[in-house]
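Quick setup: the structure tokens below cover two forms of a single protein chain, split into structure 1 and structure 2.
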Structure 1
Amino acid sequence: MITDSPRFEPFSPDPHAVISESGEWIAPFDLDLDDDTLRGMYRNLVLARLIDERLVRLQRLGKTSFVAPGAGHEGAQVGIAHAIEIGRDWLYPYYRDTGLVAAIGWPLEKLFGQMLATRADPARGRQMPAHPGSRALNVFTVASPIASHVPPAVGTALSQKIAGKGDVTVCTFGDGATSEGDWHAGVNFAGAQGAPIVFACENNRYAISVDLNHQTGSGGIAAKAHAYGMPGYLVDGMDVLACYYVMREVVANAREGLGPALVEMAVYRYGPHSSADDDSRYRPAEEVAAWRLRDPIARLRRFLERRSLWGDEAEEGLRSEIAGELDEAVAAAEAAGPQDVDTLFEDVFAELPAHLERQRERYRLARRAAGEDG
């Protein structure tokens, strides 16, 4: 699939886009994706959006405790997903990347198992919702502390470099993450070593309530790449194809040993920061409405429709098909049942040490004394 990449200019003043708001192809190179691939990208955009909507419903029903809405980020996430080799390359995502892990094919039953912390969760219910991870797909398990995954991502990239097989790492984060010391430590190290890594920033202009101008004096994120000796690209994150093509180019460069890159994807978060947030306290409704008009899903749909690759019937069919898949996945995740209490003592170390065994035993006795189960 990966053919000769078109060349994008780093540090461009305007974001790179390849399709216009009205869905015309505007890039100076030819589209080289077949119809099925284009429809597959569209499917992943819709999948991400519908998962988001489902999670909000599950949260309102009290079935999950937390949602980090990804609506508005789908173009960036799906663009990234299609630009890597799944199962070969490594991903270091962050908590807003549900759409990304779904797009690379993480089974939906596991995804919802994680969200509901049932036994369908491969991480055994250890983490709060929106913290996926998959050993099989080389997706590093998400940690809440912002930017703490950046230096580890660089370490994985350095070992890929040592292994010399041309594998790469993609590390994603929000704009706020670029203020943390860990972010700078990691990006600097990657630059110094020429590590095969792409840092992909989903810049939605807010870190909870703090807007970009209070986050940094740089004006944007791509500019920061200058300081670390790597190219920085600004991309229209509402244009999934632009995200895909820029990512494809920098991933190919990293594979060939040309070193790291930073890609800033200009997106917007349509929902609140999380189910615990009230975004009306800090951003005007008109701003949200204006970005809604730039919806990445509608944009690709217009593009497909111009090429007669999509229409109302296909849309309806897709949405009901995905809804059915989500029903099934949620049902399966729920049917797996809750985690056992005692498993909380496992996985601290390779072997259960004596002191934890004592704590577990004592806890069992206390439960028995209180007439509780188990």
Structure 2
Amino acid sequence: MITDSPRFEPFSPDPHAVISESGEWIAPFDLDLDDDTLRGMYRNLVLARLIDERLVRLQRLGKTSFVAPGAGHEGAQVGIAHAIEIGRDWLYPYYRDTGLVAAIGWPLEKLFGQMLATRADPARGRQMPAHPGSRALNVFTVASPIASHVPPAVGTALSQKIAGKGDVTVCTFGDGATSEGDWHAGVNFAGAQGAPIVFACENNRYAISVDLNHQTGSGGIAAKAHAYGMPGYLVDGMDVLACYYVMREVVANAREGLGPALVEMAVYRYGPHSSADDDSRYRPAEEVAAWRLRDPIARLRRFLERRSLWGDEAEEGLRSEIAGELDEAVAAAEAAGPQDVDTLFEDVFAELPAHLERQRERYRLARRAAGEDG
């Protein structure tokens, strides 16, 4: 529901924050989340971090070919997850949003199945790792070409506007995506058509090795909203509650027919761009260390501790519990077994064309000749 007095003004020169670095509530409004919700948010932050660490280990063991580390992005991703109506709204994520899809409830077995390309993967091994998608949760499968998911996200939002049921689309991306033509075309069309969509930029200041100052001449990403007739919000992305409250407000506005918004969440990726990147070549270690002091997990923990909602014993129990869940999920994903190449002939056509039928038979004959099953 839209409030008479918006809590967050667009185009603020300073990032919106509601908890301080030391964990104090600093917002000009009262906290309206119960203790269980706050602890649930914290659990999702820790879950995202531990998933990230597990994926890095799996890649180094040679079990997956690619990882896009998300450590440092957790506050933005968990804030978004808690601000949407899961299964009703549509989500168009990007490849670093592992924590986001985990927070909305994508089963961990499927998450690891997708990363390992086993039979636990709903995409049947046809996508790169870190490219989740879910029909049940209304999650559009991640697309590799940067920003290519933005125009389809706007199309979904326009269909929601026509349907008139108050559904919303949320489209996430990194700062590098805002340098692509697809991004500008999609955002412009959304603004012109009043589409019920929220564009959420997880701005970690680097598009691989290209820093933000070499990508844009504007004063940040949120400022670009001026050109497209929508409000732009700058948020401290290391403050999960600020991300949640800003997203909750703009999603509610979109749901009520007030059109799109652009939210810039100032985050930082603690790891390299991907498992194929050496970030020490383009950013100083001192910069990474300074941002680690602003860790979104530690920040919310300090907030919870001030409210006597958390402590060392709870932390130890939570991390042990999540580690067990990850062990089980990885084991289940691996036990599902590798994808059968024969499935390449399935899912595209309702009735397999004759030329593909012939190819499939030749493939099966070749496997039998090689002494393989099939």
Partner chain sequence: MAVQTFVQTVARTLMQEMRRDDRVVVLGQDVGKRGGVFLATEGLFDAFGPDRVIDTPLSEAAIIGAAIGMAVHGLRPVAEVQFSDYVFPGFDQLVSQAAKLRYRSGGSFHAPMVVRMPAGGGVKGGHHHSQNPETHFVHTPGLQVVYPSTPRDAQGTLRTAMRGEDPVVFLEPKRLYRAVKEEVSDDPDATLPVGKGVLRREGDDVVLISYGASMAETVQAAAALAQQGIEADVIDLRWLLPWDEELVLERVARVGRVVLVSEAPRTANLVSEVAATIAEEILDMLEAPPVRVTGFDTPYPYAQDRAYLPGVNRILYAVQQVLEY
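Numbering for residues begins at 1 and runs along the sequence of structure 1. All values reported here derive from a predicted model rather than from experimental measurement. Under this definition, the rigid core comprises the largest set of C-alpha atoms superposing within 1.5 Å between the forms.
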Looking at the two shown chains, say which is the form predicted on its own. 2
I'd like to know, for the two rigid parts the chain moves as between the two structures, whether Glu346 shares its part with Ala227. no
Quick check on the domain motion between the two structures: what's the rotation angle of the smaller rigid part, to the nearest degree? 10
On a rigid core superposition, how far has the CA of Leu356 moved between the two structures, in Å, if you could check? 2.5
